[in-house]
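One chain follows as structure tokens, the form predicted alone.
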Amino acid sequence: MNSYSLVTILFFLSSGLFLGWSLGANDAANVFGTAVTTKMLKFKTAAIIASIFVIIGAVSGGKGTSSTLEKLGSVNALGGAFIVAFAAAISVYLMTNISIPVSTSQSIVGAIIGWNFFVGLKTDLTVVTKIVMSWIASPILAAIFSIIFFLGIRKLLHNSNIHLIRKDFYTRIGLIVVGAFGAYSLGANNIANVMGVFTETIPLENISLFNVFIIDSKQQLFFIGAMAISTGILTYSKNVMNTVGKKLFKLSPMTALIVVLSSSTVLFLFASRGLKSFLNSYGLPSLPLVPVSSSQAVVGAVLGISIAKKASNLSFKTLGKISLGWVTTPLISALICFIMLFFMQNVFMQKVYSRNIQNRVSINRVEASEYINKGDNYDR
């Protein structure tokens, strides 16, 4: 913090804010997208609720998934963090412009791998495998939850005599509640995508509120990133809503509620440190704390609904288009990041990687001694 001016920090942080805005425009809309496209909630109402709970989730539960990204690649120079976030944001923005619901998780992972490749660091394949398997598992789990919730709620409604008007009221309330839960889960799960690469390069002083609550450096950065996500929700999220809520499969208000509940549950499971610790304490298996895509979870939940209803009007063309976006996004992001890092280092003469003793975990004492004697000749 001391080696950079406030203006410089704000400039480099702008790429993270752009990525947060892109996440809000592309991913966060999926939390309430089905509710809006079925006319159960107005867009402004849904966007305000989502914005509030995204911030709460990011600040209170965002640390869980950030540790996984740090294991994938520890970006330790402000110039490098700027490029990684900017490359991911451009990738998401390009996909958003053609109305494909892609993942900031995929784009940031691709960008980090591009950074690893540029600076000559090995990418931990174990971490990559864990992340990719989570990407595959999240839509499958969402589909399973969706089928279970659909069959359960359908049976409940069949055995009860709820008036149509009351049913409509309950559905709206349910959409608001599960949407708020989904926004919270999204903030907790995906904020690491937005601000995770800056946590090593922008250490902030802890803030004490009433000598009771301590807001540390990460939480402050997560709050800033969550504000950017909220802005994206409010300003540029309707196109992706239409793709998921209308073009892939026609949803009723009740099935829209189930889709939101299913996808939100998946995001929560991959973000909750408390749940993971609880399961581990009893020797039970738990899911890894990995940033996954709300878009993938929503698509998986929609597919689950179509399977449960044995529907034939699923748009495989739209599904193929979305799947292609999932596959190409990390590749595009990695390529963009590599190219931009080259220009940042060689044209703008900014450091994109700093190798110091604290970050060189693998060196031994002899190498450390030589490193000190020669000086920091490893900066790039």
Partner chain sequence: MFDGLIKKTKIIESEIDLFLDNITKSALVFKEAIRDYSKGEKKDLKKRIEQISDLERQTDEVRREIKFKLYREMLIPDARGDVLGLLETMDDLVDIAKEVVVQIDIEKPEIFPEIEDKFLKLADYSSKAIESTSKAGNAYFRNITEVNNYINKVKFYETEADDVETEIKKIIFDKKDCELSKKIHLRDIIVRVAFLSDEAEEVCERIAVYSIKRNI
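As the structure is a computational prediction, the values presented were derived from the model and not from experiment. Positions refer to the first chain, counted from 1.
This next part talks about the form predicted together with its partner chain, which is not shown.
Contact with its partner chain in the predicted bound form, defined as a heavy atom within 4.5 Å, holds for exactly one of Ile176, Val119, Val127, Leu94, namely Ile176. In terms of contact with its partner chain in the predicted bound form, the residue from Asn206, Asn211, Asn161, Ser277 that brings a heavy atom within 4.5 Å is Asn161. Note on the interface: of 148-156, 195-203, 260-268, 178-186, the segment with non-hydrogen atoms within 4.5 angstroms of its partner chain in the predicted bound form is 148-156. In the predicted bound form, its partner chain sits beyond 4.5 Å of every heavy atom of Asp216. The closest non-hydrogen atom of Pro253 lies within 4.5 Å of its partner chain in the predicted bound form. Among residues of the shown chain, Met40 is one whose heavy atoms approach its partner chain to within 4.5 Å in the predicted bound form. For Arg172, a non-hydrogen atom is located within 4.5 Å of its partner chain in the predicted bound form, even though that partner is not displayed.
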